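Starting off, we have a lone chain in the form predicted on its own, written out as C-alpha cells.
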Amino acid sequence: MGVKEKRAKYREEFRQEILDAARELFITEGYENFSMRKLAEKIDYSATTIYLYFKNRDDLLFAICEEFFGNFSTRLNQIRLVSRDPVETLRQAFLYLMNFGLKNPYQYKLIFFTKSVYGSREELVKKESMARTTYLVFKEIVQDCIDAGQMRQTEADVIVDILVVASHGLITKNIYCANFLKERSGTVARTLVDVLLRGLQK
C-alpha cells in the first residue's frame, strides 16, 4: 500500500471514528445538547480537526443517516436477489426495517425522529442521497408486487406510506411505552406485517 492509499485509509478510518462518537453523543445527549466541543473531547481531538471533515452537527447527522440508508439499500438489494416472490421480498424488506428499529430503538429515533435533514418527501426524491436511493428501491419492490398482480392497483407511494407509518407506530410504542411487552415485539412485528400485506393483496 502506497503513501496516498495509507493516508486515504487513515482519513476514512478517522472519519468513521468521528461518526461513531457523534452517533453515541446524539443518542445520549440529544440533538439539542450536542456540540462539536463535546465531540472533540470525546475523541480527544481538537474541534478544528473535526471541522476538516464535518462543518456542523447537521452535517454529522446527515452522514449518520446516509450511512444507515446505505446499509438498508444494500440489504434491500440482497433480499431482491434471493427472493423470487415480490410479496415475500416486500415482507422481508419491511421486517428488516422493523427489526432494526426494535433492536436499535435509540438509533432509529435519531435517524427518523430527531430532525429532517432531507426536507419533505418531495424534496427528498429530487436530491441525490442514499435516503432517496433506499426510498426508490423500496418503492420498486412495492411496484413489483402491483405489476405481478399480487397487490391491489394503488399508487406505490401510498402503500409505502402505509408500511412506514405502521413501522413507526410500533417502534415508537416500543421506545416510549414502558409497559410494552418487549419480549413479544418480534411476534407483534411479524403479525403486523402479515396482516397489512394480506389487506393490500388482491
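Since the structure is predicted, the reported quantities are computational estimates derived from the model, not experimental observations. All residue numbers are counted from 1 along the displayed sequence. Here the rigid core means the biggest group of C-alpha atoms that line up within 1.5 Å when the two forms are laid on top of each other.
If you look for the form predicted in complex with another copy of the chain, you will not find it shown, but the lines that follow are about it.
Interface residue among F54, F62, F34, Y135, judged by heavy atoms within 4.5 Å of another copy of the chain in the model of the complex: Y135. Checked against another copy of the chain in the model of the complex, the candidates L39, I146, I27, A166 yield a single residue with a heavy atom inside 4.5 Å, and that residue is A166. None of the heavy atoms of K126 is located within 4.5 Å of another copy of the chain in the model of the complex. Contact check for M151: no non-hydrogen atom falls within 4.5 Å of another copy of the chain in the model of the complex. Under a 4.5 angstroms non-hydrogen atom cutoff, another copy of the chain in the model of the complex has T114 among its neighbouring residues.
In the model of the complex, another copy of the chain sits within 4.5 Å of a heavy atom belonging to I162. Along 155-186, residues D157, V158, D161, I162, V164, V165, A166, H168, G169, L170, T172, K173, Y176, C177, A178, N179, F180, L181, R184 each place a heavy atom within 4.5 Å of another copy of the chain in the model of the complex.
Comparing the forms between the shown form and the other one, the C-alpha position of V188 differs by 2 angstroms or more, with the core used for superposition.
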